[in-house]
Structure formats: C-alpha cells, structure tokens
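So this first bit is one chain, no partners, the form predicted on its own, shown in structure tokens.
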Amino acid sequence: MDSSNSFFWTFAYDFIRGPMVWAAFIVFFAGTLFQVFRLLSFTKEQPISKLTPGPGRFIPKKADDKGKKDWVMWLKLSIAGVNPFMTIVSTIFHVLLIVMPIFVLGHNILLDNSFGVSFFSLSESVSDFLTIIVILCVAVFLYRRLFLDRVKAITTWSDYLFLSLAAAPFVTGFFAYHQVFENYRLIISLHILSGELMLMAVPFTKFVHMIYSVIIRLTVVSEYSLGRGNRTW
C-alpha cells in the first residue's frame, strides 16, 4: 500500500472514531428533541373526564367475568393475538436494538476511557449470543419480505435499505469480535460507521417509529395506550 492510500485510511479511521461520533450523537439528540416537540404539537391535552378509552385502555377494577372477557377479546383482536410469533420476534428485535449498544462491554470501555463513566456491561458471551438473536430476527424479517406475498406486495427498495442499516452494526460487530476477516481495522471501522449512520437516521427516517411509538403509547389516547394518557389528536 502506497503512502497516499495509507494516509487516507488512517485519516478515515480516525475521523470515524472521532468527529463522526460527535456528529452522530448531536444529530440524533437534536433530531429526537425536534420530533418529540413536533409530535406533541399534533396533539392536544384533554381533561381525563372527556376522554373515551379504547379497548386497550380498559383497566378492570375487579377480576370479574366481564373484565376477563373484555381482556381476552381485546387480546385476540390485537397484533399479539393475530400474529403472536411476529409480535415476539419484533419485540425482541426492538428491545435488543436499543439495549445492546448501551450494555456491550466494548462500548462501555470506550465510554469509560472517554468520559470516565460506564453502564452495567453484559459478558462477551451473552453479547455474542444476543447479537446472533438480532441477526436471526433480521433473517425472519427478510424472509417475510422476500417470500410472503402479502408482505412482498408492499415492500419497496427502501425497506431493504433500512433493514440492512439496522442489521449492519450487529453483523459487522459479530465479524469483528470473531475476527472473521483479516483486515480488522476495516471491519471495526464499518461497524462504527454503520452504527453512526443508523443513529443519525433514527429521527429523520421510518426509524422514527422507535421514538413515536413510546411517546404515543405513554401520552396519546389510543387502543394500545400504556396507561390512561391525556392527549388526543
């Protein structure tokens, strides 16, 4: 490798590990705040007495037969009742998508070296196992988009792009941990870069549902509200 190529790759590696990290976090947090205020601007607060609870917000005071039947009926008609397998896969995927970057040991070591703080860290074996679970979840989503007619009919190129973007940090992290390829610096650079790109994409693409779903379920009255909520569209 000539000196010019060596300089380029060294610069790219240092840039991805330095300024790009700060840029990704700034874009993510600024974009998240923007989307939170934007969503709240679309809703308005209402007195609890004027709100009409949906089926998913029914909270029985007594475990009588009617309360149990209402809960069973709502559950059967919900996403969990219609397709329990995909509900489980989707829930696991979204939880790990958020939890893994925070509690991976390598990430916490970098956090401790940079800021002197760290979170609880998962063991490397647990992190490796959970990474495989995430990749398997992605495989399920990809299979559905490729071979399930009703899903394939509404799938566009952007769906494959976003699925790849979500999977990339985990696939490259798996490759880097197991040193699948000889060029470790390239793989770890792709791992960091893919994580940064996804972080910046969250507030401004369909990934924003990760933010909206939490806010809506906690504040807006709907069938799937968590709690009673006090806002309406």
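Heads up: residue numbers just count along the shown sequence, starting at 1. In this text, rigid core is short for the largest set of C-alphas that superpose within 1.5 Å between two forms. Only a predicted model underlies this, so the values are computations on that prediction, with no experimental measurement involved.
The protein also exists as the form predicted in complex with a small molecule; that form is not presented, and the subsequent description refers to it.
- At a distance of at most 4.5 angstroms from the small molecule in the model of the complex, none of the three residues Leu136, Leu146 and Arg185 contributes a non-hydrogen atom.
- With the partner removed from view, the residue among Ala153, Val117, Val82, Ile98 that has a non-hydrogen atom within 4.5 Å of the small molecule in the model of the complex turns out to be Ile98.
- Within this chain, Ile92 is remote from the site of the small molecule in the model of the complex, having no heavy atom within 4.5 Å.
- A residue is said to contact a partner when one of its heavy atoms sits within 4.5 Å of a partner heavy atom; Lys206 meets this definition for the small molecule in the model of the complex.
- In the model of the complex, the small molecule lies farther than 4.5 Å from every heavy atom of Ala23.
- Under a 4.5 angstroms non-hydrogen atom cutoff, the small molecule in the model of the complex has Met210 among its neighbouring residues.
- Annotation: Cα of Ile215 displaced by at least 2 Å between the shown form and the other one, core superposition.
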